[in-house]
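Only one chain comes next, encoded as structure tokens, the form predicted alone.
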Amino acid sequence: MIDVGVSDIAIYIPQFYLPHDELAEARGIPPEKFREGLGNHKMAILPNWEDSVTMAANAAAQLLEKTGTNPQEIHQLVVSTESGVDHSKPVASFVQGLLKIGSRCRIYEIKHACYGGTAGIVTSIDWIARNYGNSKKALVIMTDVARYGFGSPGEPTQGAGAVALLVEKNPRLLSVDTRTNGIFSKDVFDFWRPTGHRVPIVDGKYSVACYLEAMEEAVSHFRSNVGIPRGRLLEHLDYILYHMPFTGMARKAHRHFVDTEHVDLGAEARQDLYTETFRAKVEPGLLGAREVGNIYTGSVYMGLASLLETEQDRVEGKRVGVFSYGSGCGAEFFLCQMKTGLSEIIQGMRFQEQLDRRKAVTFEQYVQWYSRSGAETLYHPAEVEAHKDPFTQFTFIGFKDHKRQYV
């Protein structure tokens, strides 16, 4: 069997954030409701000269540079997003042009709420596996701006960012055997954004219920595929990454995982197991969600970057369970077999460096930027010049003849 998976990872985090304490003060909400309830401390704020295209290109440019990959080597480019900038032209096409990727490349955009990135990875792995001896490489990017209405319940879960993955045979970071993946899907209205709406409509409690049902069913399917009986899966996983629209969702998810996988245990024993395994297997992946917020399609993969940043070489050779969920809904649970010799990959992410270089914005500045996000011309040269940033190679400069312009 050919070994296919992810060889490297890059992440792009916008250079501005709003502290949740400041948002809480402006909204008249106790700060601990955000810090303890949601588990979030900061949320990334996207300036008007960036969008889903620039973030995707900025993440992918890092990835190509750190791996020494020639853009002409990429033969499949998949971008997953629910923050598309055009109803017809895919974000992947913009990225292809900005990165100068050759024309002998299959490109497309995937939309399936927060699940789209996983669909891109799975299809790319399967595409490479079908090509056996050919040295095919795929670039899979997740890029999103999670934006909600001012003062809405979803406002403190906002965020923005992009994750790029290089998929190929004989991968250096992790392998995935897609034949064992656990799958679940169902037609539900838990989170949706009708055409023409700038922000989504969310049925919060129902969405959590849909998420937990999807996880239970996807995990059950995965166990069946690999032949692991109920109650034994946790011992086969060194870490678990959950899709996290907010940090507290990982707690809800892991609680449900333990309760449904260990129905034979009493309440006290399940609580002890939950506490022990959450700290060891889940908490190392929470850094990004806590510091950045929700990035939709990239959220669970920002969890992967967080795990690598937090655990460093301790993750080498480990088995990582990943639960990916997208509203609507589609879900998948799969196993990542981590490789060894990962220090160069981890250091090359410069994840903590990106977090540390950020600047806080005031509540007033946040309102100003997000209020003018629908303007036809968003390029403000003085602002861009004042905030030059080594991670931000591409910027949006507005429209010309209804065409989006980037430099």
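Sequential numbering from 1, following the sequence displayed. Here the structure is a predicted model, which is why all the values come from computation and not from measurement.
The same protein also exists as the form predicted in complex with a small molecule; that form is not shown, yet it is the one meant from here on.
- With the partner omitted here, the residue from Ile74, Cys336, Ala113, Val78 that has a non-hydrogen atom within 4.5 angstroms of the small molecule in the predicted bound form is Ala113.
- Between the options Ile240, Met249, Ile121, Val258, the residue in contact with the small molecule in the predicted bound form by a heavy atom within 4.5 angstroms is Met249.
- Using a 4.5 angstroms limit between non-hydrogen atoms, Gly321 is distant from the small molecule in the predicted bound form.
- Although the partner is absent from this view, Leu38 contacts the small molecule in the predicted bound form, with a non-hydrogen atom inside 4.5 angstroms.
- Among heavy atoms of Pro90, none comes within 4.5 Å of the small molecule in the predicted bound form.
- Contact between Ser327 and the small molecule in the predicted bound form is found at the 4.5 Å heavy atom cutoff.
- Although the partner is absent from the chain shown here, Lys33, Tyr148 and Pro245 each have a heavy atom within 4.5 Å of the small molecule in the predicted bound form.
- The candidate stretches are 206 to 214, 103 to 111, 285 to 293, 171 to 179, and the one lying within 4.5 Å of the small molecule in the predicted bound form by heavy atoms is 206 to 214.
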